[in-house]
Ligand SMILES: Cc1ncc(COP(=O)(O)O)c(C=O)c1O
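Just the one chain here, the form predicted on its own, laid out as structure tokens.
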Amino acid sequence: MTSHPITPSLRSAIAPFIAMDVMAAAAEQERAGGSVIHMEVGEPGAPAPAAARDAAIAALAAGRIGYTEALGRASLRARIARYYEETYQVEVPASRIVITTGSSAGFLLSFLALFDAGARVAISAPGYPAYRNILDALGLTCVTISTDASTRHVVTARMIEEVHAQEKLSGVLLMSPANPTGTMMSREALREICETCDRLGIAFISDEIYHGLTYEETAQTALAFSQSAIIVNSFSKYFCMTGWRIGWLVVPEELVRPVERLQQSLAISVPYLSQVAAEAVFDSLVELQAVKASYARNRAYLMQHLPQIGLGSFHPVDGAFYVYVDIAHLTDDASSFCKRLLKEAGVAATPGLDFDRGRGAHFMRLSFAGREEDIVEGVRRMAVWLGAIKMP
């Protein structure tokens, strides 16, 4: 039998998601008998709350697990609408809420509904790597807006206006609190961005996946300032439901039907069991606040002890569960540094090149979403290793 070589598409030639590669390498090291402290992936160490698990078990026991409407179960959409009123004092019609297969599907649906091939969409650097990769795969033009300490490492309305003046933007996608930095824009800064995008006719996508995980100031939704904003959120982070793969969008009325048509063909619907569990998780806020309190303790521990082991330069950790650490005094090759850290010390961390192709070689990201004892052990291992190594 003969065969011919298969040539992958150009759209598939996107950059790897390095954090996932690190997780795979860490798993391989564990399978070989090694001990690894996982600080590479933003995954809560706590399980999904009991109410969510119990609801899924009950639904499974009931028998039939079928499709739902493409936009999601009506009761879940209504519960999310209620959540916006309870949390932000913002009224959102349930008709504008779309249930998605995690925030990842939310980005895909948003980009397809909003932009045609070649459209220019701005993101921040450092920033979440999947943004660029999805944009690249869809044939969209990714425009990077680099941040620095002068704005506390967040994009401002003025930056957006300046980039748009050079060549028109079709969209802007920002996250607050941010991954990998943990930095958060102020309410006034968010208001200015919403108003600027509305005035300039730029679609604004607000990634609010880390809402609920802030440690000093609370986060505000972009819906408080613009009814044109597209909101992406998920049950993965605050709600501890990563593997359930369920999230949601809030879209303007004129995008509901386009997104519905896309969802019908790309996914049909989001898994029924995950939707049932997600609706029940809103009854677990006390449990979730206890999980958040553990993150706060981990954050405080790292902010106190990282400087003591020579890792004292990092971005403001306003929210989420990451510390973005400057390691320029130790290496100009964060990828090699993190590989050695994993192999020699058994600590998995993500090199900054995943988040910033221009400056990321001088940074690494540490997640503190794990168990408190693991964070303590991770710092101990890094302290021993840093005291022994001689980086080139």
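On a predicted model such as this, the values are computed, not experimentally measured, just so you know. Sequential numbering from 1, following the sequence displayed.
Not pictured, yet referred to below: the form predicted together with this ligand.
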Is it true that Asn179, Lys237 and Tyr322 each have at least one non-hydrogen atom within 4.5 Å of this ligand in the predicted complex?
-> yes
Which of 84 to 92, 198 to 206, 126 to 134, 152 to 160 lies within 4.5 Å of this ligand in the predicted complex, heavy atoms considered? The stretch 126 to 134
Is there a non-hydrogen atom of Tyr295 within 4.5 angstroms of a non-hydrogen atom of this ligand in the predicted complex?
-> no
So, in the predicted complex, is Ser104 in contact with this ligand at a 4.5 angstroms heavy atom limit?
-> yes
Looking at the partner-bound form in the predicted complex, is Arg79 within 4.5 Å of this ligand by any heavy atom?
-> no
Answer with yes or no whether Arg245 is in contact with this ligand in the predicted complex, where contact means some heavy atom within 4.5 Å.
-> yes
Heavy atom within 4.5 Å of this ligand in the predicted complex: which of Val121, Leu213, Val250, Met175?
-> Met175
